[in-house]
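Below: one protein chain in two forms, given as structure tokens, structure 1 then structure 2.
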Structure 1
Amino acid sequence: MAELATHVVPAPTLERFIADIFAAAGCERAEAAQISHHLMGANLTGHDSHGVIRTPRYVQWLQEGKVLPGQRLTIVNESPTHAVVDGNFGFGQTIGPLAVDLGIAKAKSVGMAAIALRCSGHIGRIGDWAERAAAQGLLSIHFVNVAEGELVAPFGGVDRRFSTNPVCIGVPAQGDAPMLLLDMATSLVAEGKVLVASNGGKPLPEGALISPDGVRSTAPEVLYGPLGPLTPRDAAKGDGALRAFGEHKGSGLAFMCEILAGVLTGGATSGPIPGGKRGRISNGMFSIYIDPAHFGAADFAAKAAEYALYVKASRPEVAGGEVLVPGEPEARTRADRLANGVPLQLGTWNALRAVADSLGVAVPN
């Protein structure tokens, strides 16, 4: 396969540039920097689908009033072991840390806590929140859905019913070792992967999408409709759907994400969409935080790391290959991109330049 054309930007330069864009779009400087930091975190771990590629879309939502700057959590109800909280449609990169920190504080106090978050703006890479809990020595489990975010066909169907509904589990690490982190969409690929592919990035795997007539496809147009180089990617303009991973297994997980993150939080499921026309999407996230120390699990992180080494010692299927554990690819990619810069597809870079120009923000060389 031919190498994909990219524009490489040093990580600190790119983070400042994105923060400048959000500040110019109307966010306070501190919030703009936080949004940029979390978007960059996705790029640094190799999850470009949830990184700075989202900037033009976020700015559009901000200008349309679909996401609101400067928001804080509203606590709907709580006890020592749980809380139901409303994000008031604030940026997910602002609301997410607040919800996670509440869960951390409760779990450290009583050993275990559940946080039901509703009405958050797009909450980004869920691994960020598991990493935040792990840094405090906590194991965490997260189920996420998207209200009014139908994108994925259920197993055996072609009509959209779910969103990409990620599931994430994070395990704290021992010392400086990388944490163990499982962070995955329940669709075969995340919608952001289609976004990256539409901008000239990595092609989609076979059968990632399905058209209304049941034909499987790799063409982003199935999800977004006809595309030009700077055409905004809007899934409402396509008539196809993403497919769940693992056939009935991924579809079943996606369904349960809707129940936990959409119904139990008191938010909303992906559909049906009122009136058949999208208003604003919002994320729901049901999270469980566990302090291993309260469970009598002596040397928990050390024993988890020991087991990871045992798994990695399995003989590779292919000569010269390697068995990887969850979180290992992200740690390696972060180290590489911090040292060598962040590669952006040319379509992504051009879209960032366009939104910067529209806001009067200087584009770095």
Structure 2
Amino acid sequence: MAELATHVVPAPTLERFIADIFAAAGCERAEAAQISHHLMGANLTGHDSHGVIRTPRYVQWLQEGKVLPGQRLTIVNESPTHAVVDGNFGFGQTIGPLAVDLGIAKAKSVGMAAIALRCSGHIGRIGDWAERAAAQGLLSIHFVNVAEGELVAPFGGVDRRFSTNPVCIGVPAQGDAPMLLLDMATSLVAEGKVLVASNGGKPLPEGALISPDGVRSTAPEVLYGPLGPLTPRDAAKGDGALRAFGEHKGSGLAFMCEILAGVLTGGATSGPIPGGKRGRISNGMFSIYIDPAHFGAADFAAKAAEYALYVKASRPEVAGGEVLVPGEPEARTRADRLANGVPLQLGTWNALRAVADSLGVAVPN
């Protein structure tokens, strides 16, 4: 399949452009810059589905009052080792760092801490939060769900019950080595990949979707309903579902994300909302922060890096192949895109131009 045409923008130019859009849409300049910075974090690591492509939708949510600018965390309750915090439907790019920094401070003080975050606006690429903790020398583990984001069928079922529920584990890096970072949706593919496939991009892998009559499928219509080239892609219009990765095991992990990030946080699961739908999606995130120094593992990062090298030395399955460790593809993409610019699909670039025009923001060449 031919690659879709792209428009390549230097990373600093794109970051400024997106910040200008959020500032024009009503965010304070500092918040606009932070939203842009974290969206760029997803593009730079190759997770375009969670990057600047989200801008038009975020602006729409801002205009509709579904996400609120200038929010801070409300501490619901806390101890030296934990906190339950409410994001008040603020931008995830504003609320996420506040929740992570609270976990970092507690873990540095007592060795480990759990932070249960509820009612945050979309917090994007979860790897960003693990990177923030790792920069302070901490391991972190994150379980995430999306209230009102039901898209995924449980193993053995056809009806949607989970969101795409990412799980992320980050390990501080040794020196210049790439950070060890597992950051993955528990659906076989992220919804963004169905979007790409529906626009003629990379086809979906076998079994990515399931139709209401229980037939496994790769047809985006299963998720979005009947499609023409200009039909908006809306998962509310389809009757089918994404499938969890790894059969019953991935489905079980997705289920536990709902329990930890949806129920334990006091937020909401992706299923029915007590008191009725709020008409907006929100992320819950249950995170554990660990300071290896408190575990007597002062040389932890060095030993982890040593083990990663051992894993990479496994003989490749195919001639010329290579074993990568989690986080390595992202580190390589980041190096490439910082040097050569960020490629955006033309549909994404045109949507950014349209939202910029609507707000009177100059579009970079």
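Computed from a predicted model, the values in this text were never measured in an experiment. If you superpose the two forms and keep the largest set of C-alpha atoms that fall within 1.5 Å, you have the rigid core. Sequence positions of structure 1, starting at 1, serve as the residue numbers.
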Any idea which of the pair is the form predicted in complex with nicotinamide-adenine-dinucleotide?
2
Post core alignment: residue 218 C-alpha displaced by 2 Å or more between structures 1 and 2:
yes
